[in-house]
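Shown here is one chain on its own, the form predicted alone, set out as structure tokens.
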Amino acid sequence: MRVAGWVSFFLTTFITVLAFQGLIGFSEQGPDWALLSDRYFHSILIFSIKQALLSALLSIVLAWPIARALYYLPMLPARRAFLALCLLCFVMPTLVLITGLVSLLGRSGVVSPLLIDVLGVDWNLYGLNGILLAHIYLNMPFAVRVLYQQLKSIPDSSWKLSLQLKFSRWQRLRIVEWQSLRSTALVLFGFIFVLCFNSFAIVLALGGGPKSTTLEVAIYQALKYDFNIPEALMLAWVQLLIAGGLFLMVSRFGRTQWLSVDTARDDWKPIPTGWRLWLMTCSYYVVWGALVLPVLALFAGVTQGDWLRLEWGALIKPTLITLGLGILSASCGMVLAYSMLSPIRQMNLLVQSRRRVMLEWLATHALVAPAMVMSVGLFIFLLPLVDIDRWGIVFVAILNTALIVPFAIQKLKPRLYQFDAQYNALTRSLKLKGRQRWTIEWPFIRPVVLSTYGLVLVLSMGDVAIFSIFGSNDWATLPWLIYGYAGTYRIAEASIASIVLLSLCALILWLFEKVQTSHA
């Protein structure tokens, strides 16, 4: 397995190396160093950091009270449905969200007249407002799930000890609750920051002009419109250094405390009363409504005639292609992620922190590498070697696989660490290897593997940036079809296609949740 792990490291890194080699070899000039003194570059860099910082901070700050409400009030109605909705929001294809937000809060949106007439607010979705709304919608529900799971790991003995020591509410919050969340919140902040810093489709669609341009969009403009390779390279290296450096730092200093399943209990905790109970309950229902409204807006923008006029046959082939590409990418991504975690787990067991962190960064580097640069660089490298028109869809699957590997690793890693902490000494003393060890490990990790597969499957189905470079109309996917409808102002058709894609994603997550529950 260790050999397979190093081979997986080589394959994923090799793709990135080929992409940058394609750009460097094509231009033969290297990065444009003069760009570092350009004022426009400074404004792009500042806005990129600003919007990512605000998005990550607001996502966590807003998620914290909701996670506490779920933890302290186990009798809240529809808690399981809410957590499922949170997962769906996180993996929701960005084009579906953009279509829903435009239908809800755009110039002709459902809610826009209320904001203008009732509140007297001159609302504008495009710009920093829309970018923050979209990023918070995608990432705040994810933060809710992570913080809630970490709160559940607080042992019952900690709460009972706080009761015996007569801790005040503030002391319980600071000593018991915050100590459990602190390291997780740091890692979560870095993860969301990187996602927002590398955001492409949301900023491109909702940015509204040059003042709201990020590094990723600037890279796209430099490659797509100007074909300025040195400028794109310089922007890509800056983005890689900032996002990669931050992610490496929080991975080193922030750590999630994964509690043994044998000691975790949920028997007793302080129950809020009075105004605290009322505030937690209200915040729960408010977030429910905020998450559901953009989805409902998709239906509100479609009339009965639009449903009848749509050529449903045109959706069948893109749906099947989307599903097929997703299954292929998710399956390969899971194999690569599990293989790469083998040497990482070994470094963790040997308490070699520096090597472990470096391997983790290398395994997840695709998270911080600009997707547009990787796509265009690989396209340029392969252009004289491969018939792109014929084999382009294969490279869509390859790049999709590389980009979902970090998500699979981040979700699988804690459970595998937990298995090693509990059973590694036993399996070594019994000299269990290969298939014998796997028969013990598989039942332990199976629920997480199933949920991870559903997650990366839905994530791989929603990409449009890679397809815009390697794809063709003969192999159109649902996200590309939505992009085409929206680009020609066929909003009703875009909404219907978005509903189909969102329904497919929800069905996949529901099925894997059912299978996971039955095997838990």
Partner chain sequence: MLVFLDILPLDPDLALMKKQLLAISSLLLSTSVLAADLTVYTYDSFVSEWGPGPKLEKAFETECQCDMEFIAVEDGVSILNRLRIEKANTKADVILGVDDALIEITRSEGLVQSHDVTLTGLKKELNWDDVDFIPFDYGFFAFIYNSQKIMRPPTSLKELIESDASVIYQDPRTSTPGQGLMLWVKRIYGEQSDAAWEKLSQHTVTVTKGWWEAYSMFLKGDADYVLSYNTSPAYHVVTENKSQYKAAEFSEGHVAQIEVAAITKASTRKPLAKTFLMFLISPEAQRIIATNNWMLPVIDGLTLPAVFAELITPKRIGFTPQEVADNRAFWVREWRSAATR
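Numbering follows the first chain given and starts at 1. Computed from a predicted structure; not experimentally measured.
One more form of this protein should be noted, the form predicted together with the partner chain, which is absent from this view; the next part is about it.
The candidate site formed by Arg107, Ala366 and Met372 is fully in contact with the partner chain in the predicted bound form, as each residue has a non-hydrogen atom within 4.5 angstroms of it.
The partner chain is not drawn, but in the predicted bound form it has no heavy atom within 4.5 Å of Trp275. The partner chain is not shown here, but in the predicted bound form it comes within 4.5 Å of a heavy atom of Asn124. The closest non-hydrogen atom of Ser199 lies within 4.5 Å of the partner chain in the predicted bound form.
For the chain shown alone, Lys160 is not a contact residue for the partner chain in the predicted bound form, no non-hydrogen atom being within 4.5 angstroms. Heavy atoms within 4.5 Å of the partner chain in the predicted bound form are found in one stretch of 354-362, 168-176, 327-335, 94-102, which is 94-102. Ala465 is the sole member of Leu54, Ala492, Ala465, Leu62 with a non-hydrogen atom within 4.5 Å of the partner chain in the predicted bound form. The partner is absent here; in the predicted bound form, the one residue of Phe227, Trp237, Trp307, Tyr285 having a heavy atom within 4.5 Å of the partner chain is Phe227.
Heavy atoms closer than or equal to 4.5 Å to the partner chain in the predicted bound form belong, across 381-398, to the residues Leu383, Pro384, Asp387, Asp389, Arg390, ordered by sequence position.
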